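What follows are C-alpha cells for two forms of the same protein chain, given separately as structure 1 and structure 2.
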Structure 1
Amino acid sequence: MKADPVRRERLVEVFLTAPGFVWLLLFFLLPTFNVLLISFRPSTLTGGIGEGWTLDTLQQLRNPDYPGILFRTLWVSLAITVSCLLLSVPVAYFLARCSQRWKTRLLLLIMIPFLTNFIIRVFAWKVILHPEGWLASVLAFAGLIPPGTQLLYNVRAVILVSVYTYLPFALLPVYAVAEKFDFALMEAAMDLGCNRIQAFFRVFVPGISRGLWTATLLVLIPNLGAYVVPDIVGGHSSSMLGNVIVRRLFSDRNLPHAAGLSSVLTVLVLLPMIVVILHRRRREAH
C-alpha cells in the first residue's frame, strides 16, 4: 500500500517548496521581469506607459550625467561598507571575548537604538550637524571650520549617517562568526612567534571572513539603491542612483525611464550575486 518512497519524498519536497516559491515567483520574480519589460515601452507625455516597443529608453540612458552619478553611487556605497567593516571587526572581537552576561547586555544595547524608527534616527543627525549646533560650535572653536559652516547636505554627511544606519547590519553577522571563533588559535599563533597584531590579522580576520562577506553584502547592496539618506542629509550634488530613479518616477513621471534605470541597477547587483549565491550553495553541499 505504501507509495514508492522516492516519489513520496519528491512529493514532500514539492509540498515544502511550493508555498514560498510560488509566493516569490508571483511577487518578486514576475514584477522584476515586468520592470525589465516596461523599460522597452515608450513613455507617454502624460506619464503613462505607451503601446508597442521601443529602444528609446536605452538611448536616453546614455545621458552624459549618468556615469558620474553611477560612479558616485559606487564609491559612496563602498566607503560606507569599508567604514562599517573597520568599525565592526574590533567591536565583534571585543564582544566575542566578553563574558556571556556582558555579551547579552551589550548586544541588547546595540539593538535598542535601532528599534526606533529609521527616519527619526536620520533626522536626529540633522540636529547634531546643525550649522549653529554644538558640534559645529566645537569644531569652529577648535578652528577646524569657519563659524556657520553647513555640515549637512554633502557627501560626507551621507556617508556618516549611512554608516550610523547600517553599522548593526555589519556588526551582527561579524559578531555571529567571531563568537564561534576559537581564540586558542590566536594564542597558538602567538606561541609560534606572531605578535598580537599579526595574530589578529593573520588568524582572527581570516577566521571571520565569512561574517565579513555577509556584512559586505548586507551593507553594500542596500546602499547601492539608497535614496532616503541622500535625500534627507545629502545636498544638490550628492544624489545617488536611487534619487534619480525616484525623481524619474515621481517628478518627471517617465515610468519607462525609471524602469530602465531600475533594470540597470538590478543587472549590476544581480548578475554577480547569483554567481555568488550558487557558489555558496554548492560549497555548503560539500
Structure 2
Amino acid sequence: MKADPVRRERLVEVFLTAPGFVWLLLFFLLPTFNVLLISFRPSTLTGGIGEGWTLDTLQQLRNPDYPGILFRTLWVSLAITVSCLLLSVPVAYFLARCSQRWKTRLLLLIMIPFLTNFIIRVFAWKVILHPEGWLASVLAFAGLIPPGTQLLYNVRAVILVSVYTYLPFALLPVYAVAEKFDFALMEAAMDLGCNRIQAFFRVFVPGISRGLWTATLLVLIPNLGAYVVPDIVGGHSSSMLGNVIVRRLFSDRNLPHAAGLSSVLTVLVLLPMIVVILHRRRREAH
C-alpha cells in the first residue's frame, strides 16, 4: 500500500523544520521565559537570585527615570531606522540601475569598512568626534560650529555612529528587492504623466516595500537593545535601555531587576516583528 503523497509531504516538512524549531525552543523561547521568571524572584545581597517569589522588581520598574530612558530608546532607535532607510533607498536605486561592473565595485566599497571589528570602528568614531580631532577643527575653521563644541557624549553622536554602523543592514535588503524591480513600470508611469520624482515615490518606493520592511526590522530591533554605541560615544546622559540593563547586571548586581528590564526590552523587540507580520498577512489577504 502506497503512502499518501500529502501525508508524506507533511512528514518531510516536519522533518526539515524540526531542527530549527528545536533550536528556537532551546536557545530563544526557554531562555526568554527563564528571564521572565527571574524578574519575579528576590535579589540577594551578593547580587544573586533569592528564594521565593516577589513583586519588588515590578515596583522598582516604576522608577521615575525609566519613562525618560524608554522614550529616548524609542525615538533614537526610530531616528536611526528612518535615517538608514532614507539613505538606503536612493543608493539602492542607483545601484540597481548602474552596470554590473560598477555595481560589484560599489558593493565591495560599501562592505569593506565592515570587515573590521565593530568595537574598533566605534572607537575610530570616538577619535573622529573628539573635541580636538580633525572633524571639529575643520568645522570650527569653516565657521559651522563654535570652537570647543562637544561632538561626543550626546544623542547626535549616538545617531551618527549608529547610522554608520547599521546602514549596510538596511541597504542590502533594499538593494536585493530593487535589483529585481521592473523599471519599465516607472517608464510607463512617466508616459502617463508622472515626472521622474513622482514615478520614484509612487511606483518605485511602493514596489520595494518588502525590502523596506525587512530593513526596518534589521535596524530597529538591534538598536532597541543597543548599549555599546551609546556607552562609548553617548555617555551617561544618552543612556538607553540596554545601558541600564548592563549597569543593573554588572555594577549593581541586581539580576532580577536586570531581568525585569530585559522583559520590557523583549516586548519592545517583539512589537515591530508582530506589526510587520500582520502587515504582510493583510497585504497577502488582499
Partner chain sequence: MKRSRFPLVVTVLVMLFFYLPVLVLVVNSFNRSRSSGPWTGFTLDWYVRLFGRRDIWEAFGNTLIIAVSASAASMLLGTLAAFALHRYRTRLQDAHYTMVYTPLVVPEILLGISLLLLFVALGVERNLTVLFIGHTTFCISYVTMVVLARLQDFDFAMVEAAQDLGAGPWTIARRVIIPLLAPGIFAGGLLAFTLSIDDYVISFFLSGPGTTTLPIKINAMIRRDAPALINALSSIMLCVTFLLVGLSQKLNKENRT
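Whichever C-alpha set is largest while still superposing within 1.5 Å between the two forms counts as the rigid core. Values in this document were obtained by computation on a predicted structure and should not be read as measured data. Quick note, the numbers are simply positions in structure 1, starting from 1.
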Identity of the form predicted alone, given as 1 or 2: 2
Displaced residue check between structure 1 and structure 2: residue 264, CA, 2 Å or over, core reference: no
Per-residue CA shift, residue 274 (Å; core superposed between structure 1 and structure 2): 4.2
Inter-form CA displacement between structure 1 and structure 2 at residue 12 - rigid core frame, Å: 3.5
